[in-house]
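Alright, two takes on the same chain below, each alone as structure tokens: structure 1 and structure 2.
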Structure 1
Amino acid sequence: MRITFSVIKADVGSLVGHHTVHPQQLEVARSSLSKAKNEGLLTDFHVTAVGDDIQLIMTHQKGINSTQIHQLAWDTFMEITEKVSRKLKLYAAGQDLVATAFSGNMKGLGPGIAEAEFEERTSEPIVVFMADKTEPGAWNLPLYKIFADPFSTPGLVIDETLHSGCTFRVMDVMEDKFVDIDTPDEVYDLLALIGTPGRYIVHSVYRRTDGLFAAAASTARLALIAGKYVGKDDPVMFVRCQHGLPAVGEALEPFAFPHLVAGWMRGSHHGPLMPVSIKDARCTRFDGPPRVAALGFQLCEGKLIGPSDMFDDPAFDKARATANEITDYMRRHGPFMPHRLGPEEMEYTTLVSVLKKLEGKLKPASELQ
């Protein structure tokens, strides 16, 4: 059967700063989606949270960019904001809802979206990745390693259906453009772009042999939508696995390396992306460090079988320990780069108002004695 898989997330208020969500917020979300399922709009759903972000994982047959589905997600986030976040005076109530009203599509309204329509295979394993305290470009390195690096995914060498490589669709979020790049032929062109994760972001990945959809990621950057700092983007993505696509273990392997990502405290610092279980996906130290959680599902006629908490595994203990060591090292830099982001990223933060105070004191270098 043909199914649409949609993951839509938003931060609509959090408990104790940017730490975690309140149980009542999740109850409202589940009630809203349960009603939609009973009315036939959704095939199935799962509600979860990572840090202060709520993720709505939904299956349906309305296609991508469906006004009905996006309206459902928008109304759900608004209901959580009004019934729980503002009522309990949770922090930053409605933070990601930068628009004032729904306009037919969620794009440009604030929440992050990863969705795709595809034919459900005989066996359909899907892993949903959810991050907190970072930006969409955080997926660039893992997606490259999953779909273009044979040292991480040996299937690119020994699986004939993957051997021809993949096509990466990359967004230029500054110019609102995209380009399709084939690997391995154009792998250096791909790296030339996605090595700048603040601007060039992997949107989706396809198998080259037949164009089979393989992965989708959210690409919206809140600062570019709002024109100012309103919180980090906290992206989501999902990866289809097995049967001519990367194995589940190959999709998880890149996260054994806690690579540096932008975000963390006040959205203004670099830090390691720590793989954690859902129960440990609560950011504390310096509002972090950035976290990533993963839930695995089997699709069965559009039904979500699972989930399995993929990083709730001692095999990732070393990655977590390494992330803590990196955290110590980066924190010792204090307000200095490279811990603090570069000036091109800081222009969307509250540092701008601080720098304006100094404008009147700046003098021409020619006046130096």
Structure 2
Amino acid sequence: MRITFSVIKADVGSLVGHHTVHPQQLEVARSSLSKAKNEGLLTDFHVTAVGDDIQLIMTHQKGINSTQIHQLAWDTFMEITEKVSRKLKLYAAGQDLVATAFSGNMKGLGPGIAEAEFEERTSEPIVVFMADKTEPGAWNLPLYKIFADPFSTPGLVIDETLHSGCTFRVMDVMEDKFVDIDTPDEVYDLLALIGTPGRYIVHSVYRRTDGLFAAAASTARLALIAGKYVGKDDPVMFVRCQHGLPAVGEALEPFAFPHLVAGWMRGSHHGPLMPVSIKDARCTRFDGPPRVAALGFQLCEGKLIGPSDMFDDPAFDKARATANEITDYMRRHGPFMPHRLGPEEMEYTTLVSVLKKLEGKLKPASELQ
């Protein structure tokens, strides 16, 4: 059975600053998708939230970039904004809906999308990863480890079907171009690009033996859509697992290392990505630290069986403790880089006005005594 798996997310306003969502927002989302399921548009859905971002996890048979599905997600986010966010004066109502109206599909409108169409296998485990207070490039490092690092995924060495490696499709979000890179042969080329996560972002991954689709990530950058810096796009991705693909534990393993990502306070700081359960996916300290949650599903004729809350596990306590250590360490830098992002990556800055104020006082270096 061919199935399309679509994860579409947006921040449409939140409870207590950028902290979490309001339960009524999720109710509106569930009732909207439930109606679409009853009408036969969706096969199944699951609505969840990580921090102030709402994720619509949907299965259907309309293919990728379907106007009907994207319109459903857009209308759902608009309805939440009107019926709940504005009514309750939640913070930054409609935040990610940067376009004024829907136009054919979601690309360029603000919400993040990860989607793919594939043949459902005999058994189809999928893990959906969702982050708050960071950007799409945050998945680069974990995706590299899952699909190209044998020290993290031994399946690359010992599983016959994975042994030929994977193809990474990488977006250059500045130039709006993409390139396919084969690993392990071109692994250094891949790293040369994706080590710059603000520009080169992994879009999807395929198994090389047969081109089987393995993972998809959201790559939208609001800044580039709006033409000026308007903040970070809290990203989503999903990974198909087992039977010739990374095992579920191999997909989770990279998150035992809370790597540094861009985002956090005012979208303008580096901080550790902390793996948490859905119940702990609410940002607090310094509006963070940035968080990632993961829900695991089994597909059954397109139905979403589950979910299981994958980081709701003491096995990730050490990663959380390390993330808290890193949080203390980074915070001690105050307004200094590299805790604070470079000027070109900051959500907003006073640099221009400070320089203007100092204009009259600026003297040529040759006048230095």
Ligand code: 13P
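The structure presented is a predicted model; accordingly, all values stated were derived computationally and were not measured. Rigid core: the largest C-alpha set superposing within 1.5 Å between the two forms. Residue positions are counted from 1 along structure 1's sequence.
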Task: Correct structure when looking for the form predicted in complex with the ligand - done: 2
- [ ] Classify residue 349 as shifted (yes) or not shifted (no) between the two structures, where shifted means its C-alpha moves by 2 Å or more with the rigid core superposed.
- [x] yes
- [ ] Tell me, please, whether between the two structures the C-alpha of residue 16 is shifted by 2 Å or more, with the rigid core used for superposition.
- [x] no
Task: Angstrom displacement of the CA atom of residue 362 between the two structures, core fixed - done: 4.5
